[in-house]
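Quick setup: one chain, the form predicted on its own, written in structure tokens, and binding and motion questions come after.
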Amino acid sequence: MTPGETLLSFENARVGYGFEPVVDGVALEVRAGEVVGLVGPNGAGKSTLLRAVTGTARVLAGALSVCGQDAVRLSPRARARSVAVVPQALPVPFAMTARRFVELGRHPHLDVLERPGSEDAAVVEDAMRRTDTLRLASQTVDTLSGGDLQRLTVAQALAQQPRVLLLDEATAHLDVNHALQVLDLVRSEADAGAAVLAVFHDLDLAARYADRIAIVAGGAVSEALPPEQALDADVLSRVFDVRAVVRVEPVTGSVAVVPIVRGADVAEAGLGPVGVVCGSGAGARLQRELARAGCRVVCGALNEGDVDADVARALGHAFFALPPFGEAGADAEAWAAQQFAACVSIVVAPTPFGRANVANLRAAVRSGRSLVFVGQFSAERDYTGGEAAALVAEALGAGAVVVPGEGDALRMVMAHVEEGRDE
């Protein structure tokens, strides 16, 4: 097969069951050598797209082509020579051996009544070896665990030697070791020239293994884009109603999605505002709980790429964006001072202070508002040559309170918020 050749293509397709569409206007192609992931809410139509390829859902309008042929005109046998699927639901096991079960994947390549030969046996052996199921060869499939049966189903699909491979939550029944093994196999199949269309519920796995990702939601399918473009905080909020931090995971280099809170759990921001002096991720949980309590939050100046900045952006909190590793200058400090002066209360997270962020502490201390410090300030957190320690001492002398933990700080801040409401 030619690298980059389009092996699967939906062209303005309407797909559904009977005469009822599930998704409409689908424009999606999968090329040889790539994995395209489908993500979206439950019931949005991800599996329906895969079933259109296998012929169990209908193409009501538009076109669907498989390996350059009109899918509607393909016979089930011809389709099975090109397309293999690992379904979401496990097959109902029969009392056949595991080897025989995987061998069923060779039937599309055999004539009627033709028995599998030595070449077929070699393909089956290889598929079972690669899925770590060869040790199960003589066992009957009705005695196997769900995880073993799932891997045998993957082996059966590989034994078909498909040009197009469909996966509908193929790792749903697998432990983390075998889930990674299966997805590594899928990735190697794509690298060898197969076109893979895969449904994922785990967004991290989708980002790690898919070259492009399409969002299925609201009866439509988005353009398939690279993971860092397809999965951003706005999309996750709009499609999944989840506030999340989306970052590049440093070990694998792939996009990682960290859900913060369900949208339904974020109260309308009608209280406050509350100031949070934070940085280096020290204020992430405080931000989350204040959002859940319905508080408007101001975080001062934060560096792009800082966890606290990512959390603030995901939750819609106000902050002054600084370049990565940049310092808060006079304009940032003036902004923070103005914002903190309007707050009901300010909580200072246990963040270290250096030249880059001491302006936030200075603005908070000089704001005239009630301050709550989480934990005792120590010299280990002062990288300012003593300025931060002097500011903390000034705040304590003016009546600031130190509490041992975040829960204590939240209770005190919310008490200040309630007092402000009563005034």
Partner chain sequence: MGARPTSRAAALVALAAALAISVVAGVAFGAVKVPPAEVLAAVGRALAGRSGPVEDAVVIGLRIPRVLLAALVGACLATAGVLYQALFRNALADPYILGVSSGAGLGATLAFVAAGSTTLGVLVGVPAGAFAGALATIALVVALAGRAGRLESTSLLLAGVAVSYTLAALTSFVMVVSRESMHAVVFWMMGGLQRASWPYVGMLAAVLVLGSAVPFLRARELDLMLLGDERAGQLGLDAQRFTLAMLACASLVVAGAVSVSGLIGFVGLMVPHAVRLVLGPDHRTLLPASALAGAVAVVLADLVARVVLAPVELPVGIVTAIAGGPFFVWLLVRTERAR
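Being a predicted model, the structure only gives us computed values, none of them experimental. Numbering follows the first chain given and starts at 1. Rigid core here is just the name for the largest C-alpha set that superposes within 1.5 Å across the two forms.
The next section is about a form of this same protein that is not shown, the form predicted in complex with its partner chain.
Colleague: Among 121 to 129, 152 to 160, 328 to 336, 225 to 233, which stretch has residues whose heavy atoms lie within 4.5 Å of its partner chain in the predicted complex?
Modeller: Partner-contacting stretch among the options: 152 to 160.
Colleague: Though only this chain appears here, would residue 72 touch its partner chain in the predicted complex if you measure heavy atom gaps against 4.5 Å?
Modeller: Although its partner chain is absent here, residue 72 would stay clear of it in the predicted complex, with no heavy atoms inside 4.5 Å.
Colleague: With the cut-off set at 4.5 Å between non-hydrogen atoms, does residue 116 touch its partner chain in the predicted complex?
Modeller: The answer is yes: residue 116 has a heavy atom within 4.5 Å of its partner chain.
Colleague: Does its partner chain come within 4.5 Å of any heavy atom of residue 97 in the predicted complex?
Modeller: Contact with its partner chain, yes.
Colleague: Report whether the minimum heavy atom distance between residue 197 and its partner chain in the predicted complex is within 4.5 Å.
Modeller: No.
Colleague: Out of 281, 294, 350, 87, which one falls within 4.5 Å of its partner chain in the predicted complex, going by heavy atoms?
Modeller: Only one option qualifies, and that one is 87.
Colleague: Identify which of 367, 384, 54, 65 has a heavy atom within 4.5 Å of its partner chain in the predicted complex; exactly one of them does.
Modeller: So the residue touching its partner chain in the predicted complex, by this definition, is 54.
Colleague: At 4.5 Å by heavy atoms, is each residue in 203, 212 and 248 next to its partner chain in the predicted complex?
Modeller: No, the candidate spot makes no contact with its partner chain.
Colleague: Sequence order please: the residues of 97 to 126 with a heavy atom within 4.5 Å of its partner chain in the predicted complex.
Modeller: In sequence order, 97, 100, 101, 104, 105, 107, 108, 110, 111, 112, 113, 114, 115, 116 come within 4.5 Å of the partner.
Colleague: Relative to the superposed rigid core, does residue 141 relocate between the shown form and the other one - that is, does its Cα move 2 Å or more?
Modeller: It does, since the residue 141 C-alpha is displaced 2 Å or more between the shown form and the other one after the core fit.
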